[in-house]
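Here's a solo chain for you in structure tokens, the form predicted alone.
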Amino acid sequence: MNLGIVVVSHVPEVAAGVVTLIKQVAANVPITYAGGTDDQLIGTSMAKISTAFEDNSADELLAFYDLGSAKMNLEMAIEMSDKTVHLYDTALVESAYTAASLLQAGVPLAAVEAQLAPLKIK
């Protein structure tokens, strides 16, 4: 099973910045992101999220987001995706970083999820 990460933020620069950070500890983990609306404004886009799913080379994805309305678009994109996507209601930066570093080390999904559980904030 090939696991990857998708980061979703209302701000394109936040999404890109989180990816820049986590790639420091997870150079071999497939990571994609969606940030902002289709017009590059503050918000999220189901189309951008779907593209981030498609562009990620992993078969199974761990998805992290910043605020509540991003979750709604993520849930709609998940319904339309052929990939298995796990959605986490956790602190965005900390959980994406934790998951990426653990996946890089080859830690199984169940153990990654155990480490993410204390980071649940939403």
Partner chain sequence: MLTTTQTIAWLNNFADKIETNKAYLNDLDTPIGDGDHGSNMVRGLTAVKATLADKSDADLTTVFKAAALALISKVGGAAGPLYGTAFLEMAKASKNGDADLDPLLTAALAGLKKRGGAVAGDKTLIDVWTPVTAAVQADQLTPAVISEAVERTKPMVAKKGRASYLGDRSIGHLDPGAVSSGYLFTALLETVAQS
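Everything numeric here is computed off the predicted structure, so don't read it as measured data. Residue numbers count along the first chain shown, from 1.
The discussion below concerns the form predicted together with its partner chain, not included here.
Listed residues T51, S81, Q40, S69 were compared with its partner chain in the model of the complex; S69 is the one with a heavy atom within 4.5 Å. Contact with its partner chain in the model of the complex, defined as a heavy atom within 4.5 Å, holds for exactly one of E75, D55, E94, D59, namely E75.
Taking the partner from elsewhere, M46 is found to have a heavy atom lying within 4.5 Å of its partner chain in the model of the complex.
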